[in-house]
Each structure stands twice: as C-alpha cells, then as structure tokens.
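Two versions of one and the same chain are coming, encoded as structure tokens; call them structure 1 and structure 2.
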Structure 1
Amino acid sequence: MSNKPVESLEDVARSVYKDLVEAKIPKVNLSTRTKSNIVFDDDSRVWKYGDQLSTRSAKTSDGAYMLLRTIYTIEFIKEMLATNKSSTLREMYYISEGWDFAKFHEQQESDRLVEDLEVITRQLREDFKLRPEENGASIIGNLTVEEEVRRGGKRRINCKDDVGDAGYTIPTNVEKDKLRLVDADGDFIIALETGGMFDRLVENGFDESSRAILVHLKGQPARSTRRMIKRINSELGLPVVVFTDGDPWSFRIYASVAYGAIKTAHISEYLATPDARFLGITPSDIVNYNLPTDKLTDQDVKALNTELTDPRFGNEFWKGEIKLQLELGKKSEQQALAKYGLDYVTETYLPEKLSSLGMGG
C-alpha cells in the first residue's frame, strides 16, 4: 500500500506544528464548500470547487475546536491504517465519544470533517479506510459484473438473472480492484428516486421490453451509487436518464448525479455523469399530464428559490421549469402517474418522454 494517505495527513499536522513552533496562531486553509464557490470545469464538464479559501483558525472558538478535532481524527486514521483496520463513519463518530473536548455532537459533524480532510489532502475517504454504513442502492437489468468475494477469488453476477426481486446491491466500494464491469446488453440506464417506481418498472417488465438497466437511487444517492452510474456510463457507453418526483429536492438528486453535489464537489469529476439527462417529473409534466398534486410547502418554495441562485441550475431549461413550479405552487410524485392506471408509466409516459429526449422507441 502506498504511504500517500498517511503522508498527506501528516502534512496537515506538520503545518499546524509549524505554526505552533513559530508562535503563529495555528490554522488550516481549505476550499470554501458552499454554492458560492462552485465553478463549472470545462474539461470534465462537472461542477467543482473554485478558488475561494476558508481559514479555520484557533483564534475563534469554532476554529479551535475544528482544529483539535482534525488532529484527533488524523491520529485515529493513522492508527487505523497502521493496524490494517477500517471503520464506518458511524463507528468513527462513536469513537470520538472518548475524545473529551474534541468529541462530535452529531454524526453530521464528523462526516463533514472527513470530507474536509478529503478536500485538504486531496485523498478519498476510502484511502483513509472510512466507509459509509449504508449499502448502496440496487440494480436490475442485463448488466454483468465481476465482484471479489469474501473468501477470495471472483464471481460473476448478471443483474437480471442471478438476483432476486430486490436486485443487485451496489457495494460501498465499487473501485476497479473490487468490481469489474464485464458487459451490458441494454440501451440505457434509468435511475429512479423511489422504491415504488423501481418495483413498478420491474413488475411491468420495463427492463426487458425497453432494454433498460434500472438503478434505484434510494433518495439522495450515495457516493458508490453515483460512482457506479458514472462507471457504467463511461466504461460501457450507456446513456443515463434520471426519473424522480417533481419537487425541488428531486431536482437536487438529479443535479448530484449529473453535475456533482456541493458537498462533494472536490470529487465531482469522479462521481458525476455530465451526460445524464433529466426525464421527469418536470413541472411541465404536471401541467401536460394533468397530474394529481400537493401544495408546495414553505420549505419547498425556499428550496426552489435557492436553486434559482444555484449555478448548477443556471441553464434555460432549469430556470424555466423552476419558475413554472413556483407559479403553479404545486408538486407531484412520480407515482402520481398511476392516476391513469398501473401500465400508464411504462406504456405511455416513459416512451413519450424518452423519445422527446431522442432515446428509446
């Protein structure tokens, strides 16, 4: 194993130590991780962090705590790497219970600090042997992968024939040394927000009839899910469409698949699929298909307005749709299509929408 992760962590500690020795108030700099500091990268066609830097300095109480926690976390990871262990992000959060003043008050804080360390060191948390606890989402479709199994050796799995109704579960590590994409016999990937819609398409045999590979995103998709979609897209050349509910939170799901998430913009290049297209439910669909709706809540409206200033939604398509939704004051779920019968989504809605994107049919 290369010593790069340890080196990079020690670099952070060294810069703090240097400040201390030189009688400077210790600090670390890192890219500002807000929507005001994401820029479009023309080469990779994804949104990454820009040049803005934030300083965490021991001059303020928040900064001092953050520095102390950083050092504790570095020490913890270093020990883990030295003893060939790994841990989940949740375990690390619990381990911090013993860190006295440095302990985290909720897991969000420790997760965020690990991301900060990724940003500072330009390493991935996988390199630090930290993994999320939840499993990735599931896949059903004619895709064959080769996965390393626990007792050693490799096993081929076809995500149509070798799996149960729940489909193939995407593991937390989908890097090449763990998982190889063998081949796929299909025309496109359709990424779905809800389990209900995933099951509906499976039951209606949409994967076979339309030669589609179905990926269940399980809400805001985990890194491994996004990485998997990205790999299928770039290695096997399958186009990607995203099918979600028609509300502001779902638009963000699409944005994180296609453009990169603000929180993980340091690794957008690695996670985002710039060619992914948004299929629906668009606010126009709500009108065109006359779908059952719910009223937008105050939070929904706030989220839509935030999106209007989010550079990732800066194009004509999104500006138009978001404004339309604000005008309508309404939102719809993808399962609202059942208004027209259970087959409507696979027989009418999806074919129409796919062909409008120049796909399928």
Structure 2
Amino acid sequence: MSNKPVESLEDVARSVYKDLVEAKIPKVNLSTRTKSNIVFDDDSRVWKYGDQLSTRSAKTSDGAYMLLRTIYTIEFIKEMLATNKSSTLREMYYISEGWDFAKFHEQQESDRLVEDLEVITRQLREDFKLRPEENGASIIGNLTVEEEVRRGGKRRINCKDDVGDAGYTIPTNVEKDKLRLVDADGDFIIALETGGMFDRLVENGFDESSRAILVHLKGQPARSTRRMIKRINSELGLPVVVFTDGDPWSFRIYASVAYGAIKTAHISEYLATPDARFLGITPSDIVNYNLPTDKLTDQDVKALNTELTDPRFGNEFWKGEIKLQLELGKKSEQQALAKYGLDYVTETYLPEKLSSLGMGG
C-alpha cells in the first residue's frame, strides 16, 4: 500500500505541532464547503471547490477541541493503516468515547472531520480505511466484474447470469485494486432512484430487451455507487441516463451523479459522471404524459428556488424545467406512470424518452 495517506496525515499533525513550538495559535486551513465556493473545472468537467478558505483554529475552545479530535483521529487512522484494519464511520464515533476530552458528541461531528481530512490531504476516506455502514446499491445487466474474495484469489461475476432478482450488490470499495471491470455487453446505463422502479424494469426484462445496465441508486446514491457508475462510463464507454422522481430532491440526486455533490466537491472527479443525462421525470413530463401529481410543499418550493441559484442547475434546460414546476405547483413520482399500466414505463415512456435523447433502439 502507498504511504501517501500516512504522509499526508502526518503533514497535518506536523503543521499543528510547528505552530505550538513557535508559540502560535495552531490552525489548519481548508476549502470552504459551501455552494458559493464551487466552480466548474474545465479539465475534469465537474464542479469542485474554489479558492475560498476556512480556518479551524484553537483561538476558541470549540476550535481547540476540534483540533484535538483531529490529532486523535489521525492517530487512529495511522494505527488502522499499520495493522491493516478498517472501521466504519459509526465505529470510529464510538471509539472516540475513549478519547477523553477529544471524544465526539455526535456522529455528524466525526463524519464532518473525516470529510475535512479528505479536503486537507486530498485523499479519499477509503485510503484511510474508513467506510460507511451501508454498501452501495444493486446492478442488473450484462456486465462482468472480477472481485477479490475473502480467502484470497478472485472470482468473476456476471451481473445478469450470476445473480438473483436483487442483482449484484456494489461493495463499499470499488477501486481497481479491489474490483476490475471485465466487460459489458450493453448500450447504456440507466440509474434509477427507487427500488420499486428498479424492480419493475427487472420484472419487465428491460435490461435484456433494451441492452441496458440497470443501477439502483437507492435514493441519494452512496459514494461507491457513484464511483461505480463513473468507472463503467469512463472505462467501458457506456453512456448514462438518470431516471428519478419529478421533485427538487430527486433533481439533486441527478446532480450528485452528473455534477458532483457540494459536500464531496473535493473528489468530484472520482465520483461524478459529467456526461450523465437526466431522463425524467421532468416537470414537462407531468404535462406531456398527464401524470398524477401531488402539490408542492413549502419545503419543495424553497428547494426549487435554491436550485435556481445553484450553478449546477444553471443551464437553460434546468432553469426552464424548474420554473415550469414552480408554475405548476406540482410534483410527480416515477410510479405515477403506472396510471397507464405496469408495462407502460418499459413499452412507451422509456423508449420515447430515450429516443428524444438520441438513444435506444
């Protein structure tokens, strides 16, 4: 394993120590993780953090405690790397109970500190042997992968022939040293927000009839899910479309797949798929397909207005769709297509929408 994660963490600790030796108030600087500090990177074609910096300083008691927790966390990660162990983010939170004054008060604090260390060191939490509780979601389609097995060696799995109806579960670590993409016999990836729609397409045989690789996003997709989509797209050349509900929260799911999420903008080039296109449900679909709807809530309206100022939604398509949804005052779900029968989504809606994007048979 590369020593880069250890070296980058030691640099952080060394900087704090240097400040103390020189009788300075210790601090660390990192990119400000806000919407106002994301900029479009022309080379990678994703949204990343800009030049705005924030400071974690021991000038206040809260800042001093956070720096103390930072040093304890660095030591914990170094110990894991040295012993080839790993930890969930939840386990690390509970381990901090033994850190006296450095213990975290809630997991949100420890999760945010790990993200801060990613930003400062330009390493991934996977490099630190830290993982979430949950795995990624599921894949069904003619994709073959090769993964390491627990007792050594490797095995090949075809995500169509070697799985049940639930599909192949995306592991937490999908980097090349753990998972190799062998090949794919398909025309595109369709990433689906809901399990119900994923199951509908599987039951209707859409992966086979349309030569599609189906990926269940499981709501807001896990990092490993986004990384897997990115790898399939860039390494195997399959285009990506994203099929979600028609509401502002679902639009953000698409944004996290295509543009990168604000909280993980420091690693957007690893997680985002800039060529991913939004399939639906669009506000225009609500009108064009006369879909059943629900009224927008106050929170929905606030979220849509926020998206109008979000640079990731700055093109004409998104501005037009968001303004239309505000005018309609309505939202709709993927399952609303069942109004026309269980086969309508695979026999009519998806073929029409894919054709409008220049895809499909």
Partner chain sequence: MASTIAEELAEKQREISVAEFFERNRHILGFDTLSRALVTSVKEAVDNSLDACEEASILPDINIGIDRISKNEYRITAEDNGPGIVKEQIPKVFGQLLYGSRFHTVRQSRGQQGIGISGVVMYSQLTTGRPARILSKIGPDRPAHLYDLIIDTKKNRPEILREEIVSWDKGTGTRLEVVAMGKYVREKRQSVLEYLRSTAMINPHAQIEFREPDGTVITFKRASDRVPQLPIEIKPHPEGCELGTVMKMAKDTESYRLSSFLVGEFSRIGNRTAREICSKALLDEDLRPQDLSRGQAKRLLQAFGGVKIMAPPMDCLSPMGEVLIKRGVKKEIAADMVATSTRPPSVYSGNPFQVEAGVAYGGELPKEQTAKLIRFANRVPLLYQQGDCVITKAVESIDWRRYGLEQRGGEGLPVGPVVFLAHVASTNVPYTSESKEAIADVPEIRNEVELALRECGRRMQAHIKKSERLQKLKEKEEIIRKILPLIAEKTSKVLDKPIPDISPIIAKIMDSVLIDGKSDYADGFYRVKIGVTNYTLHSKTFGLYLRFPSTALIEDASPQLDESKAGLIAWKLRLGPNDSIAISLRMGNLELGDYDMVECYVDKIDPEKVMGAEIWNGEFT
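Take the two forms, find the largest set of C-alpha atoms that superpose within 1.5 Å, and that set is the rigid core. Keep in mind that what you see is a predicted model, and the values were worked out from it rather than measured. Structure 1's sequence is the ruler for residue numbers, which start at 1.
Source of structure 1: the form predicted together with its partner chain.
With the core held fixed, W318 shows a CA shift below 2 Å between the two structures.
A64 is among the residues whose C-alpha shifts by 2 Å or more between the two structures once the rigid core is aligned. Superposing the two forms on their core, we find that the Cα atom of E97 is displaced by 2.4 Å between the two structures.
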